[in-house]
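What follows is one chain in structure tokens, specifically the form predicted alone.
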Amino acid sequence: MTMEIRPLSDALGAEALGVDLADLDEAGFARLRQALVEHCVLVVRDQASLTPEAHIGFTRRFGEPAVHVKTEFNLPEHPEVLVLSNRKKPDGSPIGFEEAGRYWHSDVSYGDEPVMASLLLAVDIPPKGGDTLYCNMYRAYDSLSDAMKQRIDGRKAVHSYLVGLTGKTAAGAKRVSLSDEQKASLKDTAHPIVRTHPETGRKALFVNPGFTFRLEDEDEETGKALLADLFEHAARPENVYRHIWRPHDLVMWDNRCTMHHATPYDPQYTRHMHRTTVKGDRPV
């Protein structure tokens, strides 16, 4: 079957048909990568044969995989794979993030060099619920007023994972607990509010309610109000694609120009997913 790239919404997102990620030649990969850059989110269906080894191998074609700070939620034999799951160990403790990302965020935006892309595989999903929303941050920037663009041009915002431990992010996101060693590996990081994508040259908003909590060189209340306006503007329905998961979907997204939001599901059902990420560069 010949590969076909089919858009999924006016906002962003496309579906790649006729693809086996475990057996993809260089020409096919180049087309997939270009589709990801063009559409920001790319869905590949029916990847049941994608083992953790193959998942990591495909990820490496984009760049070096990153390892999440919550190392105990990574697959023991494959630390590049983060587990998002409501399954439990025999002692009742979680095997992965159970309520991961139920707020708008861009993966690891709090890092000095935020991850470039994320690749999430649906291993076991509930019959309904647990959709993921994706937001086009190019469109969010482009649709700002000229006055707002001038106001934020050249400004920086501070991103943090640690502030979420207190539930003080704009999204009210409460992180799972971290060890002292894990906390020591993290720090707050300032990035441009408007990021220039290194491949397309386009400008995108680069703030999110999950990790961005204040502006540099701005008093707290004024900064919070400005961020709140940007968050609300970005997440307008016309900028959003809702992905309704099917078993064995592999969805990849470009964190440099998107943010995403996981939605709730009935916990009587299992939701078990594997995520890899690709190291990126410092936003400019």
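All residue numbers are counted from 1 along the displayed sequence. What you see is a predicted model, and the numbers here were worked out from it, not measured in a lab.
The same protein also has a form predicted in complex with a small molecule, omitted here; what follows describes it.
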item	value
4.5 Å heavy atom contact, H105 and the small molecule in the predicted complex	yes
Contact label in the predicted complex: Y241 to the small molecule, heavy atom within 4.5 Å	no
Any non-hydrogen atom of T132 within 4.5 angstroms of the small molecule in the predicted complex	yes
L120, heavy atom within 4.5 angstroms of the small molecule in the predicted complex	yes
Options 217-225, 254-262, 38-46, 23-31; stretch whose heavy atom lies within 4.5 Å of the small molecule in the predicted complex	254-262
Partner-contacting position among L144, I193, L84, V163 - heavy atom within 4.5 Å of the small molecule in the predicted complex	L84
Of G111, G101, P209, G96, the one that lies within 4.5 Å of the small molecule in the predicted complex (heavy atoms)	G101
